[in-house]
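Taking the form predicted alone, here's one chain by itself in structure tokens.
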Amino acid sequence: MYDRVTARAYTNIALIKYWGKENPVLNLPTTTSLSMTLDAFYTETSVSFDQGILADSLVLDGSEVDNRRVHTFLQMLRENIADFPHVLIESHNQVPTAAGLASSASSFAALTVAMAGLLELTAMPEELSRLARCGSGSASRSIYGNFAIWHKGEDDFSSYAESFLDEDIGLTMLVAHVSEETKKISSTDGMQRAQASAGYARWVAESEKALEEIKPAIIAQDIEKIGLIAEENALSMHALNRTAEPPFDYFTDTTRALVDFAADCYHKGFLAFATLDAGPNVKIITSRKEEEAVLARFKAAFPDIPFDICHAGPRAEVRDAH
């Protein structure tokens, strides 16, 4: 038995979005989603049983923080797998927390893989994905590298992600850091509001159609088609938010300027397409061949905004166990 296990998982950005819950308790989504794991952002988490603490404890980047969400997750493991003592969780985020860059996805995927190691589980990736989903829906996809698809399923056992294409197809995401502040409206709250929109059913139907269109584009490594589909899916999600009850918007003025500039670049012959999750930070989809040229244009237009170059990232895995 191990005393301490450390795992690392990477963030993922959905090309076809997850934006709505059929079952909020189990994090069952209203739609199937598809993502690319990123190599630049990750969470590294160590877990150990600690007899000296009175409750599960979470230390994030050196500071003890609210443990309620991880405690709920650990209680789920205790009820479904095995009882175990209080857990000390020490986690480090190489990604801004709650800023729309999928920090919860990498965090709960890393925690799931680390706990599986500590409990000596022989779980298949699909089972790890199902467990991670209970902590954060998007975490189900961060179990995998490259491209993953999260099937919405019908219940706890059928809603999990699996690898869609375990291959780097030369797709680049340029991440524009508009803001690293914690977003004012959480993803969970945003989804609830969006689902109250009169246009939500139409968005679900359009998302299902976009999913079937983007699958062959990924297999064909057609970056332009991938970008066009992903951009439309993301922008329609944010348009839906503006018709929610009550309406809300993650966009800032800078966010809008970046989205418009991506469209301008595309009209001038560059592969540049915007996608966004629940936050103001913009991801620019382009190709490995054009990334430097596209990045140069964005840096010239937005000299005060930091950018990261991201490629397809690896699967979640145990880094150390002793």
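Numbers for residues come from their place in the sequence shown, where the first is 1. Every value quoted in this text rests on a predicted model; they were computed, and no experiment measured them.
Although not depicted, the form predicted together with a small molecule is the subject of the following passage.
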(message) I need to confirm a contact call. Of S163, S236, S197, S187, which residue comes within 4.5 Å of the small molecule in the predicted complex, counting heavy atoms only?
(response) S187
(request) Can you check 212-220, 163-171, 76-84, 130-138 and let me know which stretch has heavy atoms within 4.5 Å of the small molecule in the predicted complex? (result) 130-138
(request) Examine L38 and determine whether its closest non-hydrogen atom to the small molecule in the predicted complex is within 4.5 angstroms. (result) no
(request) Please check if M191 has a heavy atom lying within 4.5 Å of any heavy atom of the small molecule in the predicted complex. (result) yes
(message) Even though the partner isn't displayed, in the predicted complex is R69 close enough to the small molecule, meaning a heavy atom within 4.5 Å?
(response) yes
(request) Indicate whether A278 is a 4.5 Å heavy atom neighbour of the small molecule in the predicted complex. (result) yes
